[in-house]
Each structure stands twice: as structure tokens, then as C-alpha cells.
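Taking the form predicted alone, here's one chain by itself in C-alpha cells.
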């Protein structure tokens, strides 16, 4: 499937909906809003639907236009930074009901779920794909679109520190800087500034941090009662998994967040050699080599912890 094929579908569509995965991170938010602004540049009738997202992204151009729900049917649906329809969760119908479906993604476990799939698993961020794709489609990357794209790149590379970073990543960042994008402002908003609730959740998780397998596995968790006690909002739990990964000697960090309807949302991160995506695949999830997740619906906290640690032990050296 070529980019020209996707552009033809965009040209033919009158109404377009842009979607991304649940609990969107900076790459998901950045790509969705970059695509929204790009399609507006093409004079398309476009909706971007993201039911819930962290308020740390309120600075992004286009946020006021985000909708919680849309129309019954669109000519075209574009999903960005999403590996399968399960991650579209409660708003998958907007995708499924569209006449034509497109996805642009960078996850190695992508299921190629659209009519037109453009997936580059080598790219460290989906936003880095769009930096190349949009100009190819003769769409100008304005300061507004560039701000969205840089947010995605900075988020998914951990501020350019993860091993997936390429020379192109820095070239694109420099190019976006020339476009007038305020790099320090983006960095501060998505990586440095935390809400009071986020700070409190991090403190709770840090106090619970436990180590296994001679310190190679770090584990912590938060409960729904924890979130209620600090009046947490969507996204206030993001980044907690890195608390364990940053400890000397840790190869894999495991973080559990208890869900309102039961079960646990699981986040895994690794430092050097463990492919945490393979671990999460065993529990119906997936992601990237060094950053992945899944949802485990059944079992107590202790049961879920023990299953994850047992599976992770198999990948340690």
C-alpha cells in the first residue's frame, strides 16, 4: 500500500474522522492533532475524536476542537499510533462504520487492521513518520502542526534518550525548530511539568517499589482508591513505570494500575535486552521492544504480579 493510494482516498473523501488509542500519550495526541490540522489545510470536513486525555496536552494546537463523540458514518477514518482496533476501545464504531479505513502506525505488533495500512516499525515515533508523510502529500508543516509532531517525537523518545532514536530524529527536530516550534516549551509541558495529583501518585508508587531477581525486576502499583484519594484525572498515572526502570541494575520495570471496572492495566519497560512486547503478547497486549503494555482482567494484585514476574524471569540473562 503506497502513500499515493492513501492520499487518493483523502482527496476523494468529504468527511473524515481521526482517531487514536485509548489513554493517549503524547505521540497519539500529537499525531491525531497534526493530522486534524493537516486535513483542515486540505479543506476537509474533519472531526478528531478523543474521549479522554491528560490535561498536560492542553497546549497543543487544535485541542479545543477535539470531540468526545461524532457522526454515525464518515467517508474516511484515519487511525494514528494504534496497533489494533482493540485499542480504539469504546470509539471503534467510528472506525468500523467509515466507508474507507486508513491507519498510520509504528508498532511492530500492528495487526494491519485497515483497508490501507502504512506501518513503519523502525520509526521511534509515529509522529516521525508524519514528518515525512505530510510534505510528501504537499501539506505544509506549519508551526502548529510542527508543535504537535515534536510533542509526539519528544514523548516517544523520552526526550531523545531511548535507543530507537535515529539521526533523522534530530534532523527533524532541528527542522521543526526552524519552523518556529518552541522546543523548550514542548519539552517542559510533556516531560517536566506534572500535576499535583501525578506527583502524589508517583510518591505512592515509589514507596511501594519492590525488587525481584537480584534487582533486575522492579515492581510497583497504584489502586483505584489511590487515584480517588488524590483526585487524579486521566493521564496522571503516566510515567510511573519509569520510576523503577531508572533504578541502577533494573532491566525490567512493571507497573500495575487498578481499573475502575476491575482488573489491571499493565505497563512494562526495559533498559537493555528484554523485549517486553513479547512478554505482553502472552497476556493479550503488545507494544514496542522496550515499552509495552496489556490489560489483565482477572486475578488479585498478588496473582497478577506473580504471573508477570514469572513470565519476565524467562527473559532475563
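Residue numbers count along the first chain shown, from 1. Since the model is a prediction, treat every value here as computed from it, not as a measurement.
Absent from the display: the form predicted together with adenosine monophosphate. The rest refers to it.
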Open item on the list: Based on heavy atom distances of 4.5 Å or less, which listed stretch (59-67, 244-252, 282-290, 37-45) is in contact with adenosine monophosphate in the model of the complex?
Closed with: 282-290
Open item on the list: When the contact criterion is heavy atoms within 4.5 Å, does residue 236 count as touching adenosine monophosphate in the model of the complex?
Closed with: no
Task: 4.5 Å heavy atom contact, residue 155 to adenosine monophosphate in the model of the complex - done: no
Open item on the list: Please tell me whether any heavy atom belonging to residue 54 falls inside 4.5 Å of a heavy atom of adenosine monophosphate, as the geometry stands in the model of the complex.
Closed with: no
Task: Partner contact for residue 15 in the model of the complex: adenosine monophosphate, 4.5 angstroms, heavy atom - done: no
Open item on the list: Let me test this: is every residue among 208, 220 and 257 within 4.5 Å of adenosine monophosphate in the model of the complex, going by heavy atom positions?
Closed with: no
TODO: Determine the residues of 102-128 with a heavy atom within 4.5 Å of adenosine monophosphate in the model of the complex and present them in sequence order; the list may be empty.
DONE: 107
